[in-house]
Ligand code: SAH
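Consider the single chain below, provided in structure tokens and representing the form predicted alone.
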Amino acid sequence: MNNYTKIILKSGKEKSIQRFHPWVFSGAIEAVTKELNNGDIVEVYDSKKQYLATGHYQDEGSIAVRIFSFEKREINEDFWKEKLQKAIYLRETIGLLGSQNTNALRLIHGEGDGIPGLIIDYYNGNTVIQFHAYGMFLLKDTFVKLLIELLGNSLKTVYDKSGNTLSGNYEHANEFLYQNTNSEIIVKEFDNQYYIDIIEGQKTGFFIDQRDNRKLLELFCKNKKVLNVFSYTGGFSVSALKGGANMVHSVDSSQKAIDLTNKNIELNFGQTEKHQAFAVDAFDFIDKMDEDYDVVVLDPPAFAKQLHLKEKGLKGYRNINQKVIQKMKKGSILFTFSCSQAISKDDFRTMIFSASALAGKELKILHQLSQGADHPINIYHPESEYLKGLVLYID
């Protein structure tokens, strides 16, 4: 066995680890057995020197250790292969990997798959990796080798898009680690088609986590006028038209996103007069929006990416939801979301309660929404349930 550096916790600080929470905060550490470098594998012990877990050490931020094993094991290529095999099997079990009508999915979801700091998305054989922890980044060659081995002929490319996700003073350029491809590829989601720009697009190129919510939207759109705010590349807009909407308006501040939205509409429906896209500030559009929309989708960016921004983020969500709800007519439907990890489901629902009360409207909750099953939620790590959504009926 390797002689990993040991981290000793303060008395009483072992309880969350014993409940299998995968984070050790810097304030919980009493001592270390030798000098540590960012990304080192460490073993965590309680104050009585009893083994608790193994993980990667990081020397910036409040999370000092991200745990990937609660068993004392040799951490080698076979260990990581087992982790990836389990994740791939899950995607096969839920009918996504190998599906005939959907080929865009999350292959590795960080803590949800017991691999904190690693995200891998799969776009019709093109994989995009984002490392959020330096310890995982140091293993990039191992992960590329394992992806080639485990995915076989279905793997086309591996693109590392960690330039903006690794914290610390690391100059890291995004690059292809295996093969190469054009920036723009086409994927299927429930037989809807989308252009995905893995190089220039936001995140890894597409918001895969909204797959099931886009499908649900189709049920509400027949003969309706629909507004998709913060539309990005038009995922919800395509679904609204697929559901039979008479008119769909897409709003995003990015002209690049709007251009790709229009391409996605044309890819699925050809030239159509049922869609209009506006490259304008979403807040300005909402201030001036008409009150004749039957369905509104409100999917803003994360307003609270970190815990200390929670209250400010909740205020932002409340203000924008209040404005939208005030302008919605009776009998209309609102799909509203938050992707902020720092904001819980209860926080989000309480915020919507406040927004509706301030808007002077009565609302009914029709559906409570979350991320897709390929973004599994670690039951011991509630923070991995980051996407919250409600379908609301304006009564």
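Just so you know, these numbers come straight off a predicted model, no measurement behind them. We number the residues from 1 along the sequence you see.
This protein has a second form, the form predicted in complex with the named molecule, left out of what is shown; the following refers to that one.
- Using a 4.5 Å cutoff between non-hydrogen atoms, Gly316 does not count as a contact of the named molecule in the predicted complex.
- The shortest heavy atom separation between Thr181 and the named molecule in the predicted complex exceeds 4.5 Å.
- At least one heavy atom of Asp281 is located within 4.5 Å of the named molecule in the predicted complex.
- With a 4.5 Å cutoff on heavy atoms, Pro300 counts as touching the named molecule in the predicted complex.
- Scanning Thr165, Asn103, Asn262, Ser253 against the named molecule in the predicted complex with a 4.5 Å heavy atom cut-off leaves one residue, Ser253.
- None of Asn192, Gln210, Asn321, Thr204 but one reaches within 4.5 angstroms of the named molecule in the predicted complex through a heavy atom, and that residue is Gln210.
- Of the stretches 112 to 120, 157 to 165, 226 to 234, 92 to 100, only 226 to 234 has residues with a heavy atom within 4.5 Å of the named molecule in the predicted complex.
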